[in-house]
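Next up: just one chain, as structure tokens, the form predicted on its own.
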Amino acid sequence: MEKIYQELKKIVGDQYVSNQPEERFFYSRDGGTTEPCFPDFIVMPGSTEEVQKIVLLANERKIPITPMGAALVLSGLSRPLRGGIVVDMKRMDRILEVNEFSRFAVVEAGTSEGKLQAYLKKHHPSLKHSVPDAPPMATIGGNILIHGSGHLSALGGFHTEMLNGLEAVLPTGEIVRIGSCSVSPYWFSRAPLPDLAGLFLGWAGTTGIATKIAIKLYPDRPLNDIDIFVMEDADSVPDVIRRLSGTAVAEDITAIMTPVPEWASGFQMINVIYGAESKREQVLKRDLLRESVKKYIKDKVGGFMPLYSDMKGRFMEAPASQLVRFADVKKGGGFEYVGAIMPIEVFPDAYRKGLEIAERNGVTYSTGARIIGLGHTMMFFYAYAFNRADPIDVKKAQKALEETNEAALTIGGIPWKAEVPAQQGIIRRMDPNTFKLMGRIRQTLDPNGIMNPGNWEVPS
């Protein structure tokens, strides 16, 4: 162990490697309910070449290796389930290129969402990227690799659909480039080449370590507005979402259901955010949205909420600070964010199941959905706050988490960024030949089984 520690120090320097109990404690857990798993070493590389040397060492010695962004995934995917080395990517946070004309940015994978957002506002104010509703320290690489979504997802889809290409270190140490950057000096697209990006998306760090990421950027329009359609008939929500998203006006559409404040309980609030270059365009888009749901307004089933200008600003925050406040509502530093990807037509089932689970387990909750594309799918979320210092409260949240994942699968959805028990539930329902193919791919890329072992596996 001491020899490995010394070799890691040679790669990254004394300051960026640790085997001390304090660091091992912090890197053993995240903000969710999963049990801690302690690493043997934590290392912070500063370049692709350093990542490569760490992986080569781990592969030679058959040491488990777990890549980590900001450890905000909440489902324990960056816990080292079998010990070994945690590779913290946050030092690799350089913004390498912004292309104004083709609207893309190339960043190191450890670059935070907040850093790129601030950089674009300062140096390229006409451009923006899709920001997830996570603290600004969330990394761009981490969010893309878990199929994240954000405040431009009604416009551009999942963040994986906004990925132009990537650079990655394979488990055996080779450095590969995926997309146009493998042929051209421009990181403009994954087409028309064979698309190998899927080898790294959704795999929970079991196929390699992404070191550079190219993402699409979008116009940051001078005028931005929000309309909130309010109703209390969950069965009609899918059609309302279909109509609103079908206008192709929105940049972001979210549905929020919360018991706090009290007046909001029982209502579904569908938030539609859109941008415009001129006042005329803004009015036109507003009229299109209102026209799309006039049937429901006429039937007095729903209507648009009047908003003062200062209220609009709070609703249009990216990332949304309301989630941060809710995360600590129990004043115990515990927060579970259970997402599931599912078709919009199952919204009523997802909504009612969430209410039942929260009531049955006595947990503090908030629910909602982010619409992806023109209503092509949605990420339905169940947020549970708990007091980490209260074991009973933790158990309640864990039970709610388990039931929520099972409910999502039962109604035809798939748990997002699934923790190990949820992965097992997915595997049980997955076409067996698909899972066999996943195994063959992992065996080919990682013959020594060092990359984040314990994820996407059947227990032995």
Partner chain sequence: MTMLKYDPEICEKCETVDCLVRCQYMQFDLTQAKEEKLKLLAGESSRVLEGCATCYACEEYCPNNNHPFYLIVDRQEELSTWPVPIPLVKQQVKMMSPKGKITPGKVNTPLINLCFFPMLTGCIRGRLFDGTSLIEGSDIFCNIMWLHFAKNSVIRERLPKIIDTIQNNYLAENGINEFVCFHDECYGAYTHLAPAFGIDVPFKTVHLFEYLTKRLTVLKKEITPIRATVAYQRPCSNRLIPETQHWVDEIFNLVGVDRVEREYDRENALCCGTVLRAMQKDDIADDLQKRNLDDMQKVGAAYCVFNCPACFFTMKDMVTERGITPILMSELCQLALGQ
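The structure presented is a predicted model; accordingly, all values stated were derived computationally and were not measured. Positions refer to the first chain, counted from 1.
Omitted here: the form predicted in complex with the partner chain. The next part is about that form.
- Although the partner is absent here, Pro192 sits far enough away that none of its heavy atoms falls within 4.5 Å of the partner chain in the predicted bound form.
- Using a 4.5 angstroms threshold between heavy atoms, Trp263 counts as touching the partner chain in the predicted bound form.
- Mapping the unseen interface onto this chain, Ile297 counts among the residues with a heavy atom inside 4.5 Å of the partner chain in the predicted bound form.
- At least one heavy atom of Pro306 is located within 4.5 Å of the partner chain in the predicted bound form.
- Figure note: of the listed segments 351-359, 277-285, 140-148, 212-220, the one touching the partner chain in the predicted bound form, with heavy atoms no more than 4.5 Å away, is 277-285.
- In terms of contact with the partner chain in the predicted bound form, the residue from Met269, Ala197, Val98, Leu152 that brings a heavy atom within 4.5 Å is Met269.
- The partner is absent here, but in the predicted bound form a heavy atom of Arg290, alone among Lys121, Arg177, Arg290, Arg94, sits within 4.5 Å of the partner chain.
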